[in-house]
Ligand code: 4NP
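Presented as structure tokens, the chain that follows is alone, the form predicted on its own.
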């Protein structure tokens, strides 16, 4: 299984999801790979946000070596499952891939956990405490993905 986590800038939500999923894949001895990307290009090459790194490290997950990259149309073929962290991200994936693209492998990340088409809150706009809430939500959704596809 090849999984891609996608958020807006690839420095907050999707790096947390990538790091958590890699950790869970290793612990469950699964032959899966995971990557992350952003639909916008303003953080390409940057490390994850300092608070994303801090919350992950406090849970023994090091994401400091990740670097932001932009989602590209070819990702549709490279990954078995592509998870959009929010509605605006899902729409931008549709825009990037173009009219008529097969989006059957693209879904909202939280559809694996709760509700229909719910967004993972973007902690960028709030205090550090928001990163803890986002981490916990992503952690539960990653567990649900592992349980579902293991």
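In this text, all values refer to a predicted model and were calculated from it rather than measured experimentally. Numbering follows the first chain given and starts at 1.
Missing here is the form predicted together with the named molecule; even so, the following discussion is about that form.
S.K.: Which of these residues, 54, 94, 81, 43, gets a heavy atom within 4.5 Å of the named molecule in the predicted complex?
M.R.: Contact check passes for 43.
S.K.: Where does the named molecule sit in the predicted complex: which of 97-105, 57-65, 116-124, 27-35, heavy atoms within 4.5 Å?
M.R.: Contact criterion met by 116-124 only.
S.K.: Please determine whether residue 21 contacts the named molecule in the predicted complex, using a 4.5 Å cut-off between heavy atoms.
M.R.: Answer no; every heavy atom of residue 21 is more than 4.5 Å from the named molecule in the predicted complex.
S.K.: With the partner left out of view, is residue 11 within 4.5 angstroms of the named molecule in the predicted complex by any non-hydrogen atom?
M.R.: Yes, residue 11 is a contact residue.
S.K.: Within a 4.5 Å heavy atom cut-off, is residue 7 in contact with the named molecule in the predicted complex?
M.R.: Result yes; residue 7 sits at the interface with the named molecule in the predicted complex.
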